[in-house]
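Shown next as C-alpha cells: one chain only, the form predicted on its own.
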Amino acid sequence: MTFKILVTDEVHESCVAFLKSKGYHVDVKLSLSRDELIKAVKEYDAIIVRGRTKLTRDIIMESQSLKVIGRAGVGLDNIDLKAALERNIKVVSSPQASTVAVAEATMALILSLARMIPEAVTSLKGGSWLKSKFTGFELRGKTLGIIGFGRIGKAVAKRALAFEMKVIAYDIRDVREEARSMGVHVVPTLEELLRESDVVTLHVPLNESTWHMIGERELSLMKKGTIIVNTSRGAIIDTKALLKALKEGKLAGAALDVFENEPPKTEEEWELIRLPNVIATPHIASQTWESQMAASLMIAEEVYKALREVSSTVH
C-alpha cells in the first residue's frame, strides 16, 4: 500500500529520503497557513511536524484519511491529543533524540548565569573593561534542584554532578531507585526542592497539571539569590510572577529558552527578556546538528512502523 505523507516543518533530509525509500509519497509543504493546512491534511495518511505547526482540534477533525501524526522532537503540546484519539489517529514522537542537546544547553545557561557571561561579553564588545563588576559564583558545592527526573532531568544531573554540585530532584513518579544509583536525593515535595535549591531547572512536559506550576507562591519559597532555568515549556512558569520576583530582587537571575508565547508578544514577556539578569534564547536548546538529524530519522522510522501496522490491519 502506498501512503501519502505530508511534512509541514523543516526536518533533516534523511527523514524524507527514508520514507521515499519505503515507497511512500512524501510532500514537503512548509509555512502553510491554518486554512491551507485544513485543506491539505484531507489528502494525506500521515503528517510530520515539529513544534511550529499547531494541529488543533478543528484541523484534525477535518482530516479524512489521516492515520498517523509524527512529531519530530519532544513535547506534544502543539497537537490536540484528545481529538487524535477520537479519530483513532496514532501519535508518535522522537523525544530521546534531543536529550543530550537539551541537557548541555541547560548546563550552558546555568554557567552563563553563574559567571555573568552575556553581560561581560556585551560590555567588552562595547569597549569597556569592567573586570571587577563581573564576579560570579562557582557551581561546586551549590544545590541544583531538578523538577522532572526523566531522560533530560537525569542527563542534567549527570553533568551537574561532574561539576561537584549537590543534586536534588522532584518528580510525581517514584524515581528514588534510579536517582539513588546516580547520587541524587529525591525530595518528597516541590516546596522542599524550591526551599533548598540554589539553582532550579525545569524538565517537565506542559499539561494541565504543570501549567504555571511555578507561580508567585512557588517563587516566594525560593532562597534570595536563587537562579532559575527553563528549557522545557514557557507556560510552566507564570511570566508575570517571574518578572515581579526578578525586579524585586528575590531571584538573582533567570535563563529562559522557552516562553508562554513563541515568539514572545506580550509586554511582560519582552520586559522580562530585556532585564539585565535574564538570559533569553529563542527555543534553541535542542538545536544541534546531531539532535536534528536523529529526531528526523527517528520520526521517519516511527511513522513507517505505524503505517505498517495500519497496512497489516487493513489486509
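Predicted model, so just to flag it, every value in this text is computed and none were measured. Counting begins at 1, following the sequence as shown.
Just so it is clear, the following notes concern the form predicted together with a small molecule, a form of the same protein that is not shown.
Only one of 150, 215, 118, 136 lies close to the small molecule in the model of the complex, with a heavy atom inside 4.5 Å, and it is 150.
For the options 180, 173, 82, 131, the residue carrying a heavy atom within 4.5 angstroms of the small molecule in the model of the complex is 173. Contact with the small molecule in the model of the complex holds for all three of 232, 283 and 286, each having a heavy atom within 4.5 Å. Not displayed here, the small molecule is kept clear of residue 144 by more than 4.5 Å at the level of heavy atoms in the model of the complex.
In the model of the complex, at least one heavy atom of residue 257 sits within 4.5 Å of the small molecule. Using a 4.5 angstroms threshold between heavy atoms, residue 102 counts as touching the small molecule in the model of the complex.
A residue is said to contact a partner when one of its heavy atoms sits within 4.5 Å of a partner heavy atom; residue 239 fails this definition for the small molecule in the model of the complex, lying far away. Heavy atoms within 4.5 Å of the small molecule in the model of the complex are found in exactly one of 239 to 247, 192 to 200, 94 to 102, 216 to 224, that being 94 to 102.
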